[in-house]
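Given next, in structure tokens, is a single chain: the form predicted on its own.
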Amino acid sequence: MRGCCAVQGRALPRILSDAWWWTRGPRWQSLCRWRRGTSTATEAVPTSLPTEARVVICGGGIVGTAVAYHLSKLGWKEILLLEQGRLGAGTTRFCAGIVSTVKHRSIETKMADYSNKLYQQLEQETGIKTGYVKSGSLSLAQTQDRLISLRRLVSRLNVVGEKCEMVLAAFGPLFEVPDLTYRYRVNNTPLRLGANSFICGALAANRIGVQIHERTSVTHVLVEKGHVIGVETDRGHIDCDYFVNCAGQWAYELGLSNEEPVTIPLHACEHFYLLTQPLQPPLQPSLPVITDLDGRIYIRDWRGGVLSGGFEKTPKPLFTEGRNQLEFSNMHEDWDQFEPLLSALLRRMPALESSEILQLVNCPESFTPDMRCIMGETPNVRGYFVLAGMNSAGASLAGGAGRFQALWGVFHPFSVFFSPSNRMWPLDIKRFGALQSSRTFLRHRVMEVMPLIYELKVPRWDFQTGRQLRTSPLYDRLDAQGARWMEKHGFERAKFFVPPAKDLLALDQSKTFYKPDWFDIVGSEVKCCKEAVCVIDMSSFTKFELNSTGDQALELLQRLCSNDLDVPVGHIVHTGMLNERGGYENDCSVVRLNKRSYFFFLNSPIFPCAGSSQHTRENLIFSCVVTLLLSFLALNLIGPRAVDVLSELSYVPMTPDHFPSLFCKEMSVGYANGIRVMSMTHTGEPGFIIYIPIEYALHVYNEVMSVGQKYGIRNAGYYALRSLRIERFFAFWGQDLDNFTTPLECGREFRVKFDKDTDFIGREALLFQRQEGVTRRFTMFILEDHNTDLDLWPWWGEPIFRNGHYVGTTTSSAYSYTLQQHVCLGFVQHFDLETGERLVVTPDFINRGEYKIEIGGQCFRAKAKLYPFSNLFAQKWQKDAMELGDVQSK
């Protein structure tokens, strides 16, 4: 490969200069004409900076210009776009130009699809060619597991309108593909060439009133009483009501520079791609974008030559402390770093050995801790919005993300656009906690995230960085007993416990889309929960107290919670904290400790106010005292013999007559006093949750395990809990519920007290929904013709079909060891077959349908239910109790 001698250690000349990118061809002439004719964007003679604006957007790349364009389209005035260097001189300038709708999350697919349409529309609006070409794409599979992964992805894409097919596509003589098992094609996936798209976006935004100022740096954002009031720049002060941080790799530092710091967890890595001179014969623009996922590379045409990059296993993170590098013009080539990708490219295209290299481009890309972009309003500052961290998908997502971000600032509770089908929580900045604010964590995490973009991700995979940061007091004890761990917001949770006779290494390495090796282990834990007693450490659940000097705590909670919290002392209430749309901000259980004090616990390690409205946060801060209880161990005792264990340890009767369901008592357990015992579980099985001060943690755990030996006690993990709660039709926040899901849609209207004296947040929206009817409904599905041993397993995100028509996707699934069948949970929608209009979903609509769940291209019959199998479980409990009684009597 001529020109690639730098791989052996010699320098490769920089052929493609900075001037070449910007002065070659008509695109530069178009931009120059715009700059000369638009005073607000001129660089030579900067105009005076306005002293006030309604919204200030920081960042003049493709993302920032997209937000400005859509806000103006929505009718906003006084929009100011500030860029510290030149427009598009950051990551946008070196964008590889691949626009793909092949995304693993439906919301990202919708964004990319909208971006496709927008780039075509901008050509018509501005008259500037974006270089937009519909070329299609091909993704390659070298292994059987990769093929399965692609089939699952194709199933999801087809139902949202992205035409995909599994093909044995023909390749030209330049490509070598003997190692491939399959490929799939996405029809009409576009290819965006060059930087003209952002130019079109900036020009279109400027034409409809957006003021654009280059060479203007935002130094910090001014905040007063928790709300944005202005920004300080190196050219003066600007009063504003809203601020949008689209600063790309500088977004993290800009957030921390505020008077009230905002955490935006992202970090930059170097990203490389190769450009060659035109081949002979030249590659055609119609060549599909080829993604060799197992080779970690992508290949596309570039002016008759090749543009090829990828995501290597050992990326190079960049520290971005300070924002002194305004433009990326001197990022160095690193052939040693690119060598693994180059080798993969030459294996796929051996003919490139004799081609001439034009340049190895080094382009910084920002990555987030979970590979999803960051958008939405920050939890601690009203009016401060973020759109950043595109994870090398800026070209694909920018147009749609800009529109979503613009609408985020103006939507109302019944907005058509922000319907439940557009689930934004996976991208909401509020999904992150304090852990992700550490620069060291971010540096390490992005080194794992960047390779994962093309890595094969099997079900239940876990991040390996940032581990063992938050642990239970029992972590070492449980680890020694065979616990295998997963991570949730930095908190270690036990998945299951490996018996001593099992091969630990083999079990850890067993990753599959089929029946997993832990199947029997989890089954034995579930069996113990149903027949004897199990202990699950649930310390990762958030716990806090709310106290007041008078009735403020009750008044506040009646406003925040949909259920009635004015209950007798000691009673437990399951309730939601809703937003104005009636969607769940939190799903929690609340204990009234006394007339002025309440105890909360949630199934998430995130502090609940992180997702609450500003009204919620202000009242929690100024009206009451909130104490986050980090120093408590939470043990869940599940099973019919839990009552015997606690009775023996406390010398107190624990039968329902003495300790009714959904009740809390403070009592002694063993030698420890002040232990809060609650008669409830998170699975529907009989049992208790025990909250223990950490100084008593080991003592109480040891006593429970010691006394429980005669009752068959054992440890259990979250996989068992998941199976139990899904077969019980329990929805969990963050998996089945989010801030666009209402209690009426998931069968929880009984937890909403419309007639209580206080007008709780979301009440108006729920009354409207109750009158109009719900347009989706949470449903349980039992797979009827699915072979657990031989067929692919459902995990989540599988399409649901009713009478042959797509009606939704699954949100959770698990094998029910009681039913001995797979159970899936998901939302069913009702679309008009001619207009696509969303219609009301009634119980009759659910019950009269014939359903199938598609798993990796194969459909399985499913029975839909709106209620759990309570009678079956009750009968099984009675049978088990009789058998256990017979055994004990012998």
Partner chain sequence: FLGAMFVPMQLFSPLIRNREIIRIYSTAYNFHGRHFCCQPQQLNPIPLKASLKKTTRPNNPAVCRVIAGPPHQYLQIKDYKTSAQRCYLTPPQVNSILKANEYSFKVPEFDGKNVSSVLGFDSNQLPANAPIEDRRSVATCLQTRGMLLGVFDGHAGCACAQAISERLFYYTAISLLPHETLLEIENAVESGRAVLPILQWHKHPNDYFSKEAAKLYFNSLRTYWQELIDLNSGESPIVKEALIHAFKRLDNDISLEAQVGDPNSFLNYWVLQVAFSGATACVAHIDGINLHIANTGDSRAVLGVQEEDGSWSAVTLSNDHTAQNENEVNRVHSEHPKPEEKTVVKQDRLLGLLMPFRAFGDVKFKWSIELQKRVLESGPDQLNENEYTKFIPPNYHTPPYLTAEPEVIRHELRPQDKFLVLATDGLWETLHRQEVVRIVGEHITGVHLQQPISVGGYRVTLAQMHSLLMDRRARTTSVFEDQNAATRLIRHAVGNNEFGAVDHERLSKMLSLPEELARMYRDDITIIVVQFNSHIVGAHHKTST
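Residue numbers count along the first chain shown, from 1. The model shown is predicted, which means the values in this text are computed figures rather than measured ones.
Omitted from view is the form predicted together with its partner chain, to which the following refers.
Original post:
Which residue among I690, C529, L560, L274 has a heavy atom within 4.5 angstroms of its partner chain in the predicted bound form?
Top reply: Of the candidates I690, C529, L560, L274, L274 is the one lying within 4.5 Å of its partner chain in the predicted bound form.
Subject >> Contact residue in the predicted bound form, from K753, K488, R763, R443 (heavy atom within 4.5 Å of its partner chain) >> reply: Looking at the other structure, the residue within range turns out to be R443.
Original post:
Which of these stretches, 772-780, 728-736, 741-749, 344-352, has heavy atoms within 4.5 Å of its partner chain in the predicted bound form?
Top reply: That would be 344-352.
**OP:** Determine whether any heavy atom of M447 comes within 4.5 Å of a heavy atom of its partner chain in the predicted bound form, and answer yes or no.
**Re:** Looking in the predicted bound form, residue contacts with its partner chain include M447, since a heavy atom lies within 4.5 Å.
**OP:** Tell me, yes or no, whether T465 is in contact with its partner chain in the predicted bound form, where a contact means a heavy atom of each within 4.5 Å.
**Re:** It does: once its partner chain is placed as it appears in the predicted bound form, T465 has a heavy atom within 4.5 Å of it.
Original post:
Is Y598 close enough to its partner chain in the predicted bound form to count, meaning some heavy atom within 4.5 Å?
Top reply: No, no contact at 4.5 Å.
**OP:** Could you confirm whether D336 comes within 4.5 Å of its partner chain in the predicted bound form, counting heavy atoms only?
**Re:** Contact check for D336: yes, within 4.5 Å of its partner chain in the predicted bound form.
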